[in-house]
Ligand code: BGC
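Coming up is one lone chain in structure tokens, specifically the form predicted alone.
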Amino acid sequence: MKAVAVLPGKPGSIHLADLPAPRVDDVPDGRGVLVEVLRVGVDGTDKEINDAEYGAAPEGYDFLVTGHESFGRVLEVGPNVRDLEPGDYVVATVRRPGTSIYDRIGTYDMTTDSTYFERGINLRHGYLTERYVDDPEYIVKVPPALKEVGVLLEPTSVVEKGIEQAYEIQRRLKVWKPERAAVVGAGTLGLLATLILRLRGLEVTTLARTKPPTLNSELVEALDARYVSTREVALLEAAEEYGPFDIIFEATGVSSVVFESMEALGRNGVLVLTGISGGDHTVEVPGDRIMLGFVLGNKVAVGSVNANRTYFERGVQDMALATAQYPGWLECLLTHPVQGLDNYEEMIRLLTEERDAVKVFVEVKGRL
């Protein structure tokens, strides 16, 4: 069975590997779900793993199958699977449990273990292959009406978790009701964050470097949100003009932007950090001013890693709502298809060179 893989620690090692075909009884206790992979979304994480910035192979392998944004169709289920059946469209989650108490209660995305398991990222093979098998705990059903955009569910779950964490933290304030939000970055994650915040009724300002008009700016404006180029208006200036920002959702992974966001955040605000970088870049920041603002302003910064199934299920609900409220919007994110696993070099080229790409995705089967 074909799979797209890398040799962790070796830059530029992406290649076509061979995996044994999975079987439904690979999962014990009759709980196997065998899934045919239809589409896989790829992003900066896949590029950075190919650049050897992070990633590790599963035990017994010298390669790691990449791809963590799956969409597929159930082929077969074990005798003890109740809520899934052949023909169902599904998305699989990314994190797998470790040993901490958080893992044992199903919040494995909040593990305190130093070693973590993520399909397609660390110590578990991903979904850029023809089939996979897994336990139904990690498989989320997608309605047929969402099949064209189902591959966006994994990044949507990341957004859902980050925003939900902000609301959960601010329950401490009893009457916190955010009105204005900023999203920093207008890639896939930033656009989806703009969407989810708009569905919650917030006034949203989305900031990115590129000057409009672009597809990204048009997608922001189609949500009745505001697009601002940071080449024209700096984040701190935008906070003065369009804030105060109760939530800032950071989706760039650029450390200097993170610290600028800390300054731009309003009193009693929450900064949600979702972007990461495998580099070791250092920046000089006005540390005393940021500390003063955080302490006196009761501000919060929270990091959010990829999500557990609760947020995938919430993502399904919001994606269905979005298709009704903003018809065709989600489809517009799927800008750059790659035909087949064999074209993995084109996939990496698009991730590296194509600045206009919103979402690159691999059509594993060629049709849904």
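All figures in this text were calculated on a predicted structure; none of them were measured in a lab. From 1 onward, residues are counted along the sequence shown.
This protein has a second form, the form predicted in complex with this ligand, left out of what is shown; the following refers to that one.
Stretch-level contact analysis of 254-262, 177-185, 117-125, 200-208 against this ligand in the predicted bound form, using heavy atoms and a 4.5 Å limit, identifies 117-125.
Proximity to this ligand in the predicted bound form holds for all of His68, Arg95 and Val305, with the criterion being a heavy atom within 4.5 Å. Site annotation in the predicted bound form: the residue of Ile276, Leu236, Ala222, Val285 reaching within 4.5 Å of this ligand with a heavy atom is Ile276.
Taking Ile139, Val158, Ile247, Val151 one by one, only a single residue has any non-hydrogen atom within 4.5 Å of this ligand in the predicted bound form, and it is Val158. For the chain shown alone, Thr45 is a contact residue for this ligand in the predicted bound form, at least one non-hydrogen atom being within 4.5 angstroms.
Under a 4.5 angstroms non-hydrogen atom cutoff, this ligand in the predicted bound form lacks Tyr326 among its neighbouring residues.
With a 4.5 Å cutoff on heavy atoms, Tyr61 does not count as touching this ligand in the predicted bound form; it lies far away.
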